[in-house]
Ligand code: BDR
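What follows is a single chain, given as structure tokens, in the form predicted alone.
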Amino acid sequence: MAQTAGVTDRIPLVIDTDPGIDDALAVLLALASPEVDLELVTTVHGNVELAQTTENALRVLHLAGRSDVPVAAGAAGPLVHPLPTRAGHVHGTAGLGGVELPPSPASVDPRPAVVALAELLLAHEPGTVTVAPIGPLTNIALLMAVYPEAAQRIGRVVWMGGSAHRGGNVTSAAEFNAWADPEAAHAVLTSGLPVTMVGLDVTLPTVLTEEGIERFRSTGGTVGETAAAVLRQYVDAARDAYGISGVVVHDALALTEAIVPGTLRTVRRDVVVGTTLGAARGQTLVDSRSVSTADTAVEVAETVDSDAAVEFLVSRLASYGA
């Protein structure tokens, strides 16, 4: 996999997240990647409750020796309708597969997530900051509404969510992050922000095998060992859900695209999100008839070199033991 940025021109990065097993893996990947500078983590409701996602983010950063990265808590629920259920059955009650990480010495940033994000964006040159939401898009929609001048300065939004052709993973129509706040997803995906949608079309074929997990468990030091332990429950859930021996690296694949732009082949498409309370709630409706020229179109990831993406992830996690 080509690497397009060097240490001297690192991409300023914000991760908006709801850890979550695969979210934790994505954060560890970003911290092991010299192409980016993780300047802020914002948390959101999703896989588990906000208080737990925030605590998990602090602990994952501490595990990697990066308690200096600020963590700001964001939206505790969707914009409009309450979330019917969370994903504790996949991620464990506390979100990290039953593994209890050591507590962080750092405290939560006193600023609300949208304030912290707006201040960071306004402190950077326009178009330079990548924001990687790997949970529901509630915080990004709120940023657009409250600080539109800051939102317009985002260089890229690389979102893990949605599906163009593969249906859903929480309902027959909807992927979880879109379904968890469809109103927010619709607002962001039709806003004209430079969004890349990394959905189930490219994440489901990208499987981290048990052999890959063993590789970074055995060579990645304490971080690698802990990441492998956290993934154990995810491996079991993937076997039950997809019949695979390994895990689908949803969020880490989105971070790979954020770290190395162009990893995924994208096509510019018009996307809207179902916001009714029926069976289509949370469905990302992608117009695949032609390439869109609209200002509000989204770069939809349609093709992935899964082997290269998995190797990128494994090698970066293994580097923690170097």
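Numbering starts at 1 and runs along the sequence shown. Keep in mind the model is a prediction, meaning the values are calculated, not measured.
Form predicted in complex with beta-D-ribofuranose (BDR): not shown, discussed below.
This chain appears without its partner; in the predicted bound form, the one residue of 208, 160, 131, 71 with a heavy atom within 4.5 Å of beta-D-ribofuranose (BDR) is 160. Although the partner is absent here, residue 177 is a contact residue: one of its heavy atoms lies within 4.5 angstroms of beta-D-ribofuranose (BDR) in the predicted bound form. At the 4.5 Å threshold, heavy atoms of residue 181 stay clear of beta-D-ribofuranose (BDR) in the predicted bound form, well away from it. Interface membership of residue 226, defined by any non-hydrogen atom within 4.5 Å of beta-D-ribofuranose (BDR) in the predicted bound form, is ruled out. At a distance threshold of 4.5 angstroms between non-hydrogen atoms, residue 234 is in contact with beta-D-ribofuranose (BDR) in the predicted bound form. Partner contacts here mean any heavy atom within 4.5 Å of beta-D-ribofuranose (BDR) in the predicted bound form, and among 107-115, 185-193, 121-129, 244-252 they occur only in 244-252. Annotation for 182-197: no interface residues with beta-D-ribofuranose (BDR) in the predicted bound form [heavy atom within 4.5 Å].
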